[in-house]
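Structure 1 and structure 2, given next as structure tokens, are two forms of the same protein chain, each shown alone.
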Structure 1
């Protein structure tokens, strides 16, 4: 029975291959497929429903239903049995369709005479394309072999759609990858860019779906799987040798488990037995597993889906010979498109990229950190970008709004270019005040520093007009390596940073890891809320060897010059004193070794937790400077995870309660004569920066590109007036001072 089913399946696939190879137009091909499928399965009806948009299905071809209903019958996602199949991605097999839950009668199709219904989704690697249906007058439930046969036809339809087989005169479908697409994501790094798509990992395209000889195809699969297993074992051996128990090793262990799964291999061999080629069998299994696991509520299972996807793609590349390198040259003005990317890989591209678009990621991810350091516009969580984009596609990235325009039409292009031209013109205006101080109309001078994390950032110190580096992120040198950097390597790097600063102040923040910044060679801790867990100063104090090594590297890099060190995420006084004691030990050791001691050494802390705002006076008297870490402080103040798009935008920096809290910190520091600055994304937003300066924060640190816009606004405003606007809005019971401040600024214009 099984052999007969396999034989029938291979026959049908062979006939479908002939249809694919024919010169027929798109609509004719669809019609032929419905005839072939109905004939092969012994049903009176076979119909193909395809998506017209994300919510609408259209009857595009049929054998057995009223021909006049083709391209006329439409239904919404979830509507009727066809809509249910499309929404859930699951098969519906009903012996008595009219009495089934959710059945919707479509009178124009003439389907009332058919009882049995079998509908399977047409989908490719998670992308829903439509629904394939067979119906018959006889009230019966279709067998497992029949369900499988229809799933195979649906897969072939999906691949043919990807290859453009249904495009042409009178076609049922528009050509894929030719229409304009707008994709909404999340801002990872502000800025605008125009260029052409460069796929970090080009998709594998399966062109030979049908296998003539199952034995040959099984052998091809066996050889490819063996090749895959060897490569995974080699990767695992290399990772274990370098890192032991790192997260990378755990991922590769999962890879090896999948690669050695007998069930995985058996199912692919069964697909070959039904008539598929080896690569088509792999992709069908990948699509089937993806469809099942996407329904899972268990987060662990959903994470494993990514592992299986990666493994399947590796296997497909072995079978098809389509490696990551396609031989194509990087296009002019490349916009990198990827599911996700590590910091090391991103740094290899460097500043040649004009923009980055990721399907995944977070605002605090490694990729976002590097993109900010390189000042490259970044949009994250751009769903479907890898499915929609092809290498060389024209693309526009609006990092300010978190929007991607793929293959934009002329109207969008013109509007986007006008926006970029206005930004360029503004930058010219900012360049004219680059060497002038940020002095307000009321005579107050605001210090504007820049944030940095790479040597590549330092040229911006001169061009941006920043007075120094208010925050140098030292963790990037740890994140981009596969093993812990050596002390002499760090000392040499920090020395080059000080050299490039040419005497301007550089504040080095010690290692800020944990939360969303996990070192590849450090065991990841399974924490329910990493942002509130073992991170930053807590890691440094629990692993003092790493902190001491970094402190020694900083002291040696200074080589007698002035040095500023800042500890991140200090929550209480005793953490600062413990860290300060480590500095004193490192100083004593350097003196004993006869090394040069910094001519001046200032030790500060980042105020990122509300608790530190209420620390004892002794802390404020002892700490030499404080920098408010606005990004973390705001999320803890409002109890709103900045990685959670549902809540992070609900809370305004110019909220009265938050500004009042900041004013209290300003007052405490004024009482103890403690130097205070504000560092974070909000410092680089002109309106927010103006308000921060108005409440007494006269030192701000931001990304280099923001120095000009912030300075331009500050030089046009009177801080006394802005402070009065803020206080009046608070006294009036306003929740945010933003509307009042914006009204004040409109009055200036």
Structure 2
């Protein structure tokens, strides 16, 4: 029985292949397929429904239904049995369709006389394209083999769609990958860019779907799987040697498990038995995995299915000979498109990229951190970008709005270019004041520093007009590596940073790991609430080995020059004194070894927890400087996770409660004569920066690209007036001072 089914579906596939190879136009091909399928399956009807848009299906070809209804009959996603197959991506096999739940009678098709219904989704790698249906008068349920045969036809249809087989005069389908697409994601890094798509992992295109000789195809599959196993073993050997029990090793171990899985191989061999080529068999299995992945709610299961998906891609590359590199050159103005990308890989592309679009990613991901350091516009969470984009496609990335225009039409192109021209003009304005101080109309000078973390940031010190580096996030160097850096490496790196700064102040913040920043080579702690967990100075004090190594590296890098060190996430006085004691110990050791001691050394703390705002006066007197880490401070003040898109923007930084809280800190520091600055992201937003300056924060550290816009605004404002506006809004019972401040700014024209 199985053999008969196998040879049946192989016969059907053979006939389909002739259609694929024929010169027929798009519609004619679809018609031939419905005819062939109905004939082979012994049903009166076979119909193809394809998506017109995301919500609408259209009858595009039929054998058996009223031919007049082709391109006339449409239905919404979820409507009728066909709509239900499309929505759920699941097969419906009904012996008595008219009495099935959701059946919809469509008089124009003459459908009511057909009793049994079998509908399968037409989808390619998780992308829904339409529904393939057979119907017959005889009330019967279709066998598993018949369902399989129809699924294979649907897969062939999906592949042919991908290859543009149905496009042409009077075609049923619009050409894929030719239409403009707008994708809404999330801002990872602001800025706009225009360029051409460069797929980090190009799609594998399977052109030969049908296998003539199953033995040959099975052998090809076996060889490819063997090849895959060897390569995974090699990767694993390399990774284990380097990094011990890292996450990467775990992923590779999952790969190895799947590569050796008998079930996986058996399913693919069965696909070959039914007439598919080896690569089509892998892709069919991959499509099934993707369908399961869409349904999976458990995150662990999803991750494993993701691994299996990656592995199938590798196998396809081996079988088709299409490597990661297609041999193509990076296009002009490349815009990188990827599902996700590691920081190391991103750094390799470096500044040649104009923009980056990621299907996944998060604001705090390492890729986002690197993109920010390189000042490359980045959109994350751009759903479907991998499916929609082809290498070389024209694309416009709006990092400010988190929008991607793929293959934009002329109107969008023109509007976008206007916007970019305006931004370029603004940049010119900022460049013209680069060497001028940020002096307000009331005569107050505000110090503007920049935040940094990678060597790639340092050229910005010159170009942005920043006075120094107010926050050097040392963890970035740890995050972009696959193993723990050594002391000498770090010392050399910090020395290069100080060299590049040419005497400008650089505030090195000691390692701030934990929470969203997890080192791949350190065992992650499984904590219920990592943002409130074992992170930053808490790790540094509990396990001081790395902190000591880092302090030594900093002292050696300074080699007698001035040095500023800042401890992250200090929540109470004692943490500061304990960390400070570590510096003293390190100093004593360097002295003993006869090494040069910094000509001046200042030790500060970040104020990122509300508790530190209320620390004793002694702390305020003792600490040499404080920098408010507004990103963390705000999340704890409002109890709103900075990584959670749902709540992240809920509370305005210009909320009167928060500004009042900050004002209290400013007052305390004024009383104790403590040097105070602000280095969270808000310092780089001009309106926020203006308000911070108005309430007395006269030293702000921000991303380099923000220095120009912030300085431009500050130079046009009177801080006394802005302070008055803020206080008036508060007295009037406003929740946020933003509307009042914006009104003031409009008044300035």
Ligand code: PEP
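Here, rigid core means the biggest group of C-alpha atoms that superpose within 1.5 Å across both forms. Since we're looking at a predicted model, the values are computed, not measured. Numbering follows the first chain given and starts at 1.
**Q** Can you tell which of the two structures I gave is the form predicted in complex with phosphoenolpyruvate?
**A** Structure 2 is the one predicted in complex with phosphoenolpyruvate.
**Q** Please determine whether the C-alpha atom of residue 635 is displaced by 2 Å or more between the two structures following superposition on the rigid core.
**A** After core superposition, the displacement of the residue 635 C-alpha between the two structures reaches the 2 Å mark, so yes.
**Q** Could you tell me whether the Cα atom of residue 215 shifts by at least 2 Å between the two structures after core superposition?
**A** It does not, since the residue 215 C-alpha is displaced less than 2 Å between the two structures after the core fit.
**Q** Once the core is aligned, please say if the CA of residue 138 is shifted by at least 2 angstroms between the two structures.
**A** Residue 138 C-alpha, core-superposed: shift of less than 2 Å.
**Q** How much does the C-alpha of residue 620 move between the two structures, in Å, when the core is lined up?
**A** Comparing the two forms, residue 620 shifts 2.3 Å at C-alpha.
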